[in-house]
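Below sits a lone chain in structure tokens, taken as the form predicted on its own.
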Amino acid sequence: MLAVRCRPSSFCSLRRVLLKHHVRAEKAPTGRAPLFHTSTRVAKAGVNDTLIGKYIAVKDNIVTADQPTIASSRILDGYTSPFDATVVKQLRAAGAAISSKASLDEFGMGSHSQTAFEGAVRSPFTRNGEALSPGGSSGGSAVAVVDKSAWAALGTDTGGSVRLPAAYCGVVGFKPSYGRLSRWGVIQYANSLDTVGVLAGSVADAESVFEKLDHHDARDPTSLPATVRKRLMPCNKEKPGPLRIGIPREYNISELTPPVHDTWISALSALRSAGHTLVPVSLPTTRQALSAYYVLAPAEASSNLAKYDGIRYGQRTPGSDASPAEGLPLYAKTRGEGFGEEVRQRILLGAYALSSEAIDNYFIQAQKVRRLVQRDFDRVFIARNPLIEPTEMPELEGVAAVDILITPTAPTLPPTIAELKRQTSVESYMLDVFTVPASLAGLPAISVPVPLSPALGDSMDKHDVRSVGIQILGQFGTDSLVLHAAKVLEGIYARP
């Protein structure tokens, strides 16, 4: 395994692109070309060498031993991990080059990648001269794929943080089933939801990265063990022949804008014309899923981020930050200055949800809603949930049972940054309404860009994004089926 030094001329050109979009590149002393910390290996006979030499960006909440990892937060500024995350080790072992650390919403908390300590991520797309949201929290990873500074990128998906930026940047974003990829070395936001995901220019590219990372990791207690993976094998196959595609009634909401709605209908019509069957289904708890998510995720975040106090972990504010006159703890000033506004808000929400007076009415109720969301999905999929005993499975909806579900990834096209500034927190959270249910249930889901109709595309700014993210969901463990369905959808629009 060797470190590869890029030629200064080629690196400087790439580095300018990286820094332009706030993709973190390693700083170097004046007059010296920075290094890309990469690994190479010679492919052996018969070895799948798909990733050898490929540049892959890594979201800045996934630790790397040779580049800083700060999760886009002031409180971790300058931190470099002594080890690589498991997924990073796996990429290096496969011959991939870790090209850069991609910026994100601080600690992964946000939907637009605008809360990073080092500055907001800028989308390569504009509308009437105004910058668009790149989506979040893995916005830097999506931009790295769009501008070709990386062949693929790793992100993390807690409630849609891979799929939403993929939709807003016109790339593929895949969130595997919970536990399939190791989280060891990922800076935690919400442990029961965080999932390492892949962003790439095509479904095949995303699949090739996923296959290299899909292994049990004994260091991660949430990683699916070999016994469970063996149970996944029967449902982890591509389905020959036509698919039964579910269309959830509850996803046809009033907030769904005409361009997204029309593209969704167009994609469904194209699939039906290709011989697949469309089946209306009902997921009644969808309406409560978003509210449950914004109780559970902040609650877990408040617990996970308690360690960043400047004493055990994180930077400490210079000087004495004790405030005995105000009755505040030693680390109050450090945490107040180290965390951004969105992170502070979610910590407060989470701390309240876990408090003795609120836990029964909020946290416990949200957990019950989460279970109902899971049961809704189990009721409509033909494949059985391998984590649940057959006697505990709900009855199938008869003829309504389906292989996959297809929905929009987001209810709108990417908003402009100016529009974001006028949104309330609740309006911003609403953009996760279609992605959160799969996260609560731990299901595999992928966002595939589907081009806008020619009529709509011609009426838009030529620098605007030209596609809508269409989301495909499957039963737990049916990742291969979801990827197969994504290739089918992608292939329809790739035809001349």
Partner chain sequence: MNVPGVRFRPLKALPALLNRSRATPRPCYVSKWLQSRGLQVSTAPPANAVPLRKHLKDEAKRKKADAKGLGGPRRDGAVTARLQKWELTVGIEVHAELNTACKLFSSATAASGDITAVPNSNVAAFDAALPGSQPQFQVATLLPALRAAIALGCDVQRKSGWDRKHYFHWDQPNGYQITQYYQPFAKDGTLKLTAEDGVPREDLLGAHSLSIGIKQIQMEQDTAKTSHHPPSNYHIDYNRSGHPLIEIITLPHIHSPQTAAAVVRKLQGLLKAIDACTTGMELGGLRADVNVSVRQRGTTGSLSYSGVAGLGQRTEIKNLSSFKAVEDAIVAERDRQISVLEAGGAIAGETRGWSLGSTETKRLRGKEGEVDYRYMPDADLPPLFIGNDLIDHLRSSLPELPDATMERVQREYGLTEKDARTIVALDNGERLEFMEATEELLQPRLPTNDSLELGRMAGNWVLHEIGGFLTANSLSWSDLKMYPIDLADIIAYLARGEITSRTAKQLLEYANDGSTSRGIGDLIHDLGLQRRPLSDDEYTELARTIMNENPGMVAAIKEKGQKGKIMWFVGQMMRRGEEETIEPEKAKEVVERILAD
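Positions refer to the first chain, counted from 1. Since we're looking at a predicted model, the values are computed, not measured.
Beyond what is shown, the protein has a form predicted in complex with the partner chain; the following relates to that form.
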Worksheet, complete the sentence: Answer key, the partner chain contact in the predicted bound form at 4.5 Å (heavy atoms) among G310, P259, P411, P242: the residue is G310
Worksheet entry | Contacting member of G314, G170, G110, G179, with respect to the partner chain in the predicted bound form [4.5 Å, heavy atom] | G314
Item to complete: Answer yes or no: in the predicted bound form, does the partner chain come within 4.5 Å of a heavy atom in every one of I52, Y55 and V450?
Response: no
Worksheet item: So which stretch, 293-301, 224-232, 97-105, 205-213, is the one near the partner chain in the predicted bound form (non-hydrogen atoms, 4.5 Å)?
Response: 293-301
Fill in: L372 within 4.5 Å of the partner chain in the predicted bound form, heavy atoms
no
Worksheet item: Are any of the heavy atoms in G185 no more than 4.5 Å from a heavy atom of the partner chain in the predicted bound form?
Response: yes
Worksheet item: Is there any non-hydrogen atom of A218 lying within 4.5 Å of the partner chain in the predicted bound form?
Response: yes
Discussion item. N128 versus the partner chain, in the predicted bound form: is there a non-hydrogen atom within 4.5 Å?
Written reply: no
Worksheet item: Going through 109-125 from first to last, which residues have a non-hydrogen atom within 4.5 Å of the partner chain in the predicted bound form?
Response: none
